[in-house]
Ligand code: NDP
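Below you will find one chain, with nothing else, as structure tokens; this is the form predicted on its own, and questions on how it binds or moves follow later.
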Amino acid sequence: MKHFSIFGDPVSHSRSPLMHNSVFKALGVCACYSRTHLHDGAQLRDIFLSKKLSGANVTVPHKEAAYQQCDEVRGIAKEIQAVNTIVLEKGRLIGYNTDADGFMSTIQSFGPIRNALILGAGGTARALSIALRQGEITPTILNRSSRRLGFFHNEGIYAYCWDDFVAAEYDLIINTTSAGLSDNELPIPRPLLLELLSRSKGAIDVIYGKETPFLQEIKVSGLPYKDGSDMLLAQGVLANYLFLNGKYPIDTIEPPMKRSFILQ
């Protein structure tokens, strides 16, 4: 039996085990998928190997640490410098990022988008900013501090901390922070958020499975919105395709994974 897991902090909320185990069962694959609560991202590689995993997903806040610990990084993950999917290949850890493609497929329902404001500056923000730019959508980053903005400045992406940001009009506001996941916090101060919402056309919270304070404010504003469920499904299908070495086509993996979303 092959073993897979998701690394994160927190990770108890993750639907990934249900999603991937549903696919394995439907396709008759001898495999299982579990959660691994990881406090120190620097230990990811050692724990991956000690558990004898065949692959793993990586969620906040360890995507950048995962990038550093892979033997090889492929595709858009090289540019993003953040990994959310790892596959063991001939004893080597191969890193990918399925967040970018998964996200782009979920925003089509919003219609034409010229620009987007991304809240947060972690691995998910990196992935989405690069994906948006490749899709000819101008990204802007807004983070609490300037500590993690170097990557975006080096990429020529507009990036600001709260103290030097001036609100503007955006077609889409995207929360990539963990605010609201295990607390009742907003990703940015409420007065600034309300000003941005009054000048924006839609919003997405990458958090799924709960109505965060961010989403509550979006609903009150009347803007069209999504939580992270569609993105979770899309990136999960791509990750499972990699886990199974491309043996099963995407359109075979997606139906059982999608059905898992109606399960508790």
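For every residue, the number given is its place in the sequence shown, counted from 1. Worth saying up front: this structure is predicted, and the values here are computed from it rather than measured.
The form predicted in complex with the ligand is left out here; the points below concern that form.
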With the partner left out here, check for me: in the predicted complex, does some heavy atom of Asp183 sit within 4.5 Å of the ligand?
yes
Is there a non-hydrogen atom of Tyr158 within 4.5 angstroms of a non-hydrogen atom of the ligand in the predicted complex?
no
Gly120, heavy atom within 4.5 angstroms of the ligand in the predicted complex
yes
Please check if Leu232 has a heavy atom lying within 4.5 Å of any heavy atom of the ligand in the predicted complex.
yes
The ligand isn't shown here, but in the predicted complex, which of 67 to 75, 85 to 93, 190 to 198, 138 to 146 has heavy atoms within 4.5 Å of it?
138 to 146
Indicate whether the candidate residues Ala31, Ser54 and Lys247 are all in contact with the ligand in the predicted complex, with contact defined as any heavy atom within 4.5 Å.
no
Would you mind checking 60 to 79 for residues with a heavy atom within 4.5 Å of the ligand in the predicted complex?
Val60, Pro61, Lys63, Glu64
